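The chain below stands alone and is given in structure tokens; this is the form predicted on its own.
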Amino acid sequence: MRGTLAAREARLAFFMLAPTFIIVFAIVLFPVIANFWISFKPVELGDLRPPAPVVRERIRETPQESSDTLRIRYQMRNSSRDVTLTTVTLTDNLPTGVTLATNEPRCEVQGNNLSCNLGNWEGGYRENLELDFTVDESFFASAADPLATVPNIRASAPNILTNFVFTLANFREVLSGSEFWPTLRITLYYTIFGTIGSILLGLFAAQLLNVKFAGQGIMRGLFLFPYVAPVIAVAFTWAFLLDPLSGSVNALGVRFGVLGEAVNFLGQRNIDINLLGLKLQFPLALTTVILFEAWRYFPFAFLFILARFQAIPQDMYEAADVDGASPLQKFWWITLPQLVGILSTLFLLRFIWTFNKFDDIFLLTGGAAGTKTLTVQVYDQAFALADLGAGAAVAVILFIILAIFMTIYFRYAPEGE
């Protein structure tokens, strides 16, 4: 009896949750599955519009009296230069009082309806089909316009998006390309240092505001500004401030002797620096966008860390004071162990979001000067080069890398955190 009741409850729960499953599939899983599907197909942007026959109707000879000829030309073509169209048919509604006079075995007239079976068309096929019609008095009595009706032309064509032909050509093209591995390396630099930078800034800000003082609420609100401000506004603000010609940073740096000359922070790939007699190339533009990433998203870490700070029992700090612990010792032995859980969670979330970040870099540099990440490469492949299959392949590689990272993270994360 209990087993039967439990089975009924399970079925009821399934039916009640079915709408949720459908919505989650439609919103989350379907785009992922569609991206995987496209990644195994050589799809270009032009393939989104399926090949179709095109027709244009013209009057080549107009009758003046009964028994004259009405000549209609149908200018037809295959919209695709590569794909073959099959079972092409043309239909048109003719005016009253016309009789087909041309001996065209592909066409016939029943009543006022013209129908033509035009067979198969190879890619790039074109044809001008001219048909002569003899008119009688009823044609002039009806005063009908032969072009009043639009001819209808149809055909069957294979759809590259829905067929079951798959290939690994997109992945071979991406992985063997000259820019994929450097782009992956830049993406990892940008993700790791941007994530660590935002968490460290958030930790520092939370430490500053974890004490009560006048204006504490105002300061907390100001610290949230980079995160809540529109990304397009803050990105263009940074681009304006760092502009080598009219930016305030370069103007002040040159005026006070900090900079010898104006520096193109967002457009210069590398800058030479001397360190203990060694000449090194410093990735200037990449470092600038990493600093922007850390500055823009540190408020997210700041909020979570500050909330965890306020949950730490004060008795632990009071006991440490009695034992004569220094502020650094209290931070290292009390504060930091209490923050391990939230810091690991923040690192996971920020790593995933930064790895998938597109708009920040695209607005600041467009991926130029050594700042192209894999997300920018997805955009370039899919839209700049019109190769949707290659763009989807890069997106799948992104997904696989993140899946590997999350597997490692959950495997080796501290138990219970």
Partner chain sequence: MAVAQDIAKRQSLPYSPVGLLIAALIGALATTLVVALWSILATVLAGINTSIPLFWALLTGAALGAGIGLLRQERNTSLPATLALGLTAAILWLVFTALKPLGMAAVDIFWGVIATPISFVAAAQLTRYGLRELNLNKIHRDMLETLFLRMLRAVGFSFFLSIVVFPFYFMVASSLKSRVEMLQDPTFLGINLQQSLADLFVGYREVLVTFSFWRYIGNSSFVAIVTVIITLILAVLGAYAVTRLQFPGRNLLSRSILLIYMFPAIVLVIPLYSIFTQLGLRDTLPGLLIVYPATTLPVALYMLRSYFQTLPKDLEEAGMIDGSSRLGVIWRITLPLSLPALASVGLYVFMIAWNEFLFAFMFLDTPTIFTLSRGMVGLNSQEVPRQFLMAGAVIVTLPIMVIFFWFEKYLVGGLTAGGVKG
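What you see is a predicted model; the values in this text were computed from it and never measured. We call the rigid core whatever largest set of C-alpha positions still superposes within 1.5 Å between the two forms. Numbering follows the first chain given and starts at 1.
Form predicted together with its partner chain: not shown, discussed below.
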query: Which of 72-80, 160-168, 136-144, 123-131 lines the interface with its partner chain in the model of the complex (heavy atom within 4.5 Å); finding: 160-168
query: Contact test in the model of the complex: Asn35 vs its partner chain, heavy atoms, 4.5 Å; finding: yes
query: Its partner chain contact in the model of the complex: Ser66, any heavy atom under 4.5 Å; finding: no
query: Ile352, heavy atom within 4.5 angstroms of its partner chain in the model of the complex; finding: yes
query: Partner proximity in the model of the complex: Val54 to its partner chain, non-hydrogen atom cutoff 4.5 Å; finding: no
query: In the model of the complex, the residue from Ser246, Asn113, Asn152, Asn103 that sits within 4.5 Å of its partner chain by heavy atoms; finding: Ser246
query: Sole residue of Gly119, Gly260, Pro313, Gly217 within 4.5 Å of its partner chain in the model of the complex, by heavy atom; finding: Gly217
query: Residues Tyr227, Phe256 and Asn356 all lining its partner chain in the model of the complex, heavy atom within 4.5 Å; finding: yes
query: Within 305-334, the residues that have a heavy atom no more than 4.5 Å from its partner chain in the model of the complex; finding: Arg308, Asp321, Ala325, Ser326, Pro327, Leu328, Gln329
query: Post core alignment: Ile400 C-alpha displaced by 2 Å or more between the shown form and the other one; finding: no
query: Per-residue C-alpha change between the shown form and the other one, Gly366, threshold 2 Å, rigid core fit; finding: no
query: Rigid core superposed: Pro51 CA moves 2 Å or more between the shown form and the other one; finding: yes
